[in-house]
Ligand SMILES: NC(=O)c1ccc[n+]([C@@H]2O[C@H](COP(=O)([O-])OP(=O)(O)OC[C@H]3O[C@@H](n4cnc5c(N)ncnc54)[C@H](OP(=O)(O)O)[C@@H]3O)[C@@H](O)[C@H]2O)c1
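First comes one chain, alone, set out as structure tokens in the form predicted on its own.
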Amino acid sequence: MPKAVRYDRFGGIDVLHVAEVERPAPQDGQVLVRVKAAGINPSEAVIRTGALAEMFPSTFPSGQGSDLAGIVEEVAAGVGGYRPGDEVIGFSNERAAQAELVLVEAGDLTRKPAEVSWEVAGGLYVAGVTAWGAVHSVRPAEGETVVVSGAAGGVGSLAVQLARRTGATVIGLAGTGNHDWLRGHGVIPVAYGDGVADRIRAAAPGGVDAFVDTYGDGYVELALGLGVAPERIDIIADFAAAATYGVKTDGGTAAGPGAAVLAELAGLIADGRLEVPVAKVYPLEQVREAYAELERRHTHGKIVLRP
């Protein structure tokens, strides 16, 4: 029987386990994918604690995960465009991606370029689409300056690269251990912590035009204090601050159809124009260890599960 990540109640990482489940059968419009890699994301950890139960109600036992890449195993009758053996990247809206076999709507898949590794492809959807949406939301342009907080994280490391592609000057807030990587991607690194506003002003004497906050914890107030207009601030974590100050929360919604953005991002990766750092890969059975690593919030890039 295939295996899948499950939890039977809200809680910490201790509620996670890997269970044997029935083999899924594709219905109208669905494709059965044998997963080769599945990414993990902070939002999944928050949903699992029950903190977002009103927004994301759960039925137990619950699965987990959206990001996936794998090989088409079976296709429902009437589904065109895919056949067994095809290598694909996609996402599940059913919290089911962290498993050996996953049902995916055909419209939520795109083909995986051969040049894109399984680990990169499997962790691409949430971080990639969120970064794409956040950057497009604040509309950086050539000659402008945009700041990205959490610039070495899963979303931030993609956001800085996508922002650079617009021709804007990009300042990335990150720990000093990630500054060389940021410089290597054309980003001006600035250390976070006490005095960060002064360090940003020194790095951007002409001022800051836009701000993408991937971390939370006071960065909206920092952006406003730097003179950034609320309509050019986009956040993906601090929704209370967004409600208070009227800044944007478009990271997960501005991208439009997810599969189309996935295809665009995969093409950039295949051509060597976008890098997805992979911090660590864990076997599916070590899902607890993977989330323990994630919740430390100091990894450079994505953490990925391999069934």
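These figures come from a predicted structure and were not determined experimentally. One rule holds for the numbers: they count along the sequence shown, beginning at 1.
What comes next is about the form predicted together with the named molecule, which is not displayed.
**Interface residue in the predicted complex among 90, 150, 133, 123, criterion: non-hydrogen atom within 4.5 angstroms of the named molecule** = Flagged contact: 150.
**Message:** Taking the named molecule in the predicted complex, would 43, 294 and 298 all count as contacting it (heavy atom within 4.5 Å)?
**Reply:** Checked in the predicted complex: all three residues contact the named molecule.
**Request:** Spot the stretch among 58 to 66, 260 to 268, 234 to 242, 26 to 34 with residues whose non-hydrogen atoms come within 4.5 Å of the named molecule in the predicted complex.
**Result:** Careful reading of the contacts points to 234 to 242.
**Request:** Would you check, heavy atoms only and a 4.5 Å threshold, whether residue 251 touches the named molecule in the predicted complex?
**Result:** The answer is yes: residue 251 has a heavy atom within 4.5 Å of the named molecule.
**Prompt:** Is there any non-hydrogen atom of residue 186 lying within 4.5 Å of the named molecule in the predicted complex?
**Reply:** Although the named molecule is absent here, residue 186 would stay clear of it in the predicted complex, with no heavy atoms inside 4.5 Å.
**Item:** the named molecule contact in the predicted complex: residue 215, any heavy atom under 4.5 Å
**Value:** Yes, residue 215 lies within 4.5 Å of the named molecule in the predicted complex.
**Asked** Any chance residue 181 has a heavy atom within 4.5 Å of the named molecule in the predicted complex?
**Response** Heavy-atom contact with the named molecule at 4.5 Å: absent for residue 181.
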